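Below sits a lone chain in C-alpha cells, taken as the form predicted on its own.
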C-alpha cells in the first residue's frame, strides 16, 4: 500500500488535519518536522524547492507532491478508504456538499487560524478584521450544525463523518486559543465531541482526548 511523507508542524491546525485523517484511516506515514516558528524553515530553500508557496503541510507520495490541505484529505480518503464514505465522490449531491464545506474550512483557517496565530505567536494580522471574521464563521457553523441537529443528524454531510468534518474540526476545536470559547456554541461542542469519539482519533496540543473531557465534566 502507498505510504506517504508529511512535512509537519505540530502546532499547525492544517497539519493536524492530515495527522487526524491518517489516524482515523489507520494509515502509517513518515513525518518530517519543520521548524515553522521561530525558525521559519518552511521558507528555506529546500522547502521552497519542494513547495514554492512556502506553506505547510506538504504531502509527498512517490512523485506526487501536494501542498493544499483539502487535496491531501481527498487523496487520503480515495487512496485508503475502501468504503468510499469519507469522500463520497459517487454521489453527486453529497460530493458537492463536501466540496462546499472544504471551502468553508479554508475560511476558518483564514479567520480563526489567523486569530490564533496572532494570539499565540504575535503573528502580524489585521486583528480587528480576523476576529470579526472568526466570530462570523463560528456563528455560521453553529447555525448550520443546529439545523443538522434538528433534522436528527450529527455530521456536516450525510449520515456519517466525511473529510468535511475533518477539514473543519481543528480550527473550530482550537478557537479557544484565539479567545473564542465554546460556551455559547452548544451545537459545535456536541459535534466536536462526536469527532473526538471516532475510532482512531488522535490529539494535538490544545485538543484534549475524550477521556480528559469526561474527567473535566465529572470534576465540575
Partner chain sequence: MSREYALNDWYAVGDAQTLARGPRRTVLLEQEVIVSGTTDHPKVVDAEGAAYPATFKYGHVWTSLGDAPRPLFNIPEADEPGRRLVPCGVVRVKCSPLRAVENFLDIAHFPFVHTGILGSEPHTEVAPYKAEIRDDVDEVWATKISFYQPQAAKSAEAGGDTQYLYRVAAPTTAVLYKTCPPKPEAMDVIAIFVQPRTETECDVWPWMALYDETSEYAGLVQFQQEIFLQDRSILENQRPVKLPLDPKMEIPTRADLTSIAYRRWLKSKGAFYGAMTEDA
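Quantities reported herein were computed from a predicted structural model and do not represent experimental measurements. Residue numbers count along the first chain shown, from 1.
Just so you know, the form predicted together with the partner chain exists too; it's not on screen, but the next bit is about it.
Name the residue from 91, 140, 147, 122 that puts a heavy atom within 4.5 Å of the partner chain in the predicted bound form.
None of the others qualify; the residue that does is 122.
Given that the partner chain is not shown alongside this chain, does residue 23 nevertheless sit within 4.5 Å of it in the predicted bound form, heavy atom to heavy atom?
Residue 23 lies outside the contact set for the partner chain.
Decide whether residue 40 counts as a contact residue for the partner chain in the predicted bound form under a heavy atom distance cut-off of 4.5 Å.
It does: once the partner chain is placed as it appears in the predicted bound form, residue 40 has a heavy atom within 4.5 Å of it.
Taking the partner chain as it sits in the predicted bound form, is residue 177 near enough to touch it, meaning that at least one heavy atom pair lies within 4.5 angstroms?
Yes, residue 177 is a contact residue.
Can you tell me whether residue 33 touches the partner chain? I mean in the predicted bound form, with a 4.5 angstroms heavy atom cut-off.
Yes, residue 33 lies within 4.5 Å of the partner chain in the predicted bound form.
Choose one stretch from 132-140, 98-106, 71-79, 112-120: the one whose residues place a heavy atom within 4.5 angstroms of the partner chain in the predicted bound form.
The contacting stretch here is 112-120.
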